[in-house]
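Given next, in structure tokens, is a single chain: the form predicted on its own.
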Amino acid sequence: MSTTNSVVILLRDNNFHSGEELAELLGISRAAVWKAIHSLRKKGLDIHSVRGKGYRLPRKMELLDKTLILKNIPPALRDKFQIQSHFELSSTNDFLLKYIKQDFNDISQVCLTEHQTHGRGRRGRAWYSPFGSNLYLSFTWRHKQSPQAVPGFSLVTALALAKSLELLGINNVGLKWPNDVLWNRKKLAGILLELNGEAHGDQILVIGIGVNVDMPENSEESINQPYTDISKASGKLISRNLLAAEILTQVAKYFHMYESEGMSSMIQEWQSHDAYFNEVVELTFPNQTIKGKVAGIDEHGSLLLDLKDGRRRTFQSGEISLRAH
């Protein structure tokens, strides 16, 4: 285990630890301790330091624990997931895309990490991933139906995520087509869906979920849009392990529903969460902008937009961005 990870483990109790104490416990120099503290701060971890007392985190830190995650998934679903967690990865999606085998069975491979060095959002945007503050989770899903159904998984993931947050006591969760999760119109979570090729005719989806749980101070310097986190939305700090377990539970339920019943069974639920339903928005394409009123989604998960001239048009996910007018 690296020095930086060992320092995190010692600091997670929220007590002060002097540089001398940390050095002695880890068998390293005080300079090496300082270097590890500096590295963790660069990764977004908020570490307080007080002369004469040492270093401490602003609150206790619960590290990711796959055993605890599985324990909080209903027994009937536990065998559906194989979970691994890491201290640091380039990105959880990249890890699964690169290392997952094409011939695995129907068990969903789940990857979590405390920190991403190159977290990614939709359309190549960077996803700010400070250490130990949020949830960075990716999972695979073997899709055995029509390729035309693939884009719908983004919307279904958003619904599962919204349901998970509501079950954990967070009210007024909104959705922004195709897959942003909002609270008070500020971004709370995002979803990235990618394909890992084909295996025996099936498609392997890799779906990444990033949830803002307890963002460090001054995070706005690294994020160029309004955002919030679970601690603000709920007024309390929710266990990331419990959150991961609830998300995986709801994902399994919603995905099976989607594959057996299609998007039609979820249109009403999506509309009830649609943060921009019946509002005028602008859809921005590379070469044009289209203005219209949001009229929900159709049975394929396409956005319905009522134009000023009375026409209703549909738009597929992944082509455009949506902004309130």
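In case it trips you up, residue 1 is the first one in the sequence shown, and so on. This is a predicted model, so every value here is computed, not measured.
One more form of this protein exists, namely the form predicted in complex with biotin (BTN); it is left out here, but the text below deals with it.
In the predicted bound form, biotin (BTN) sits within 4.5 Å of a heavy atom of D180.
Although the partner is absent from this view, K80 stays clear of biotin (BTN) in the predicted bound form, with no non-hydrogen atom inside 4.5 angstroms. For W127, a non-hydrogen atom is located within 4.5 Å of biotin (BTN) in the predicted bound form, even though that partner is not displayed.
For I191, a non-hydrogen atom is located within 4.5 Å of biotin (BTN) in the predicted bound form, even though that partner is not displayed. Proximity to biotin (BTN) in the predicted bound form holds for none of H48, Y55 and G132, with the criterion being a heavy atom within 4.5 Å. With the partner omitted here, the residue from L137, L155, L161, I230 that has a non-hydrogen atom within 4.5 angstroms of biotin (BTN) in the predicted bound form is L137. Shown without its partner, this chain lists Q109, S91, Q250, N241 as candidates; in the predicted bound form, only S91 has a non-hydrogen atom within 4.5 angstroms of biotin (BTN).
Note on the interface: of 233 to 241, 70 to 78, 208 to 216, 144 to 152, the segment with non-hydrogen atoms within 4.5 angstroms of biotin (BTN) in the predicted bound form is 208 to 216.
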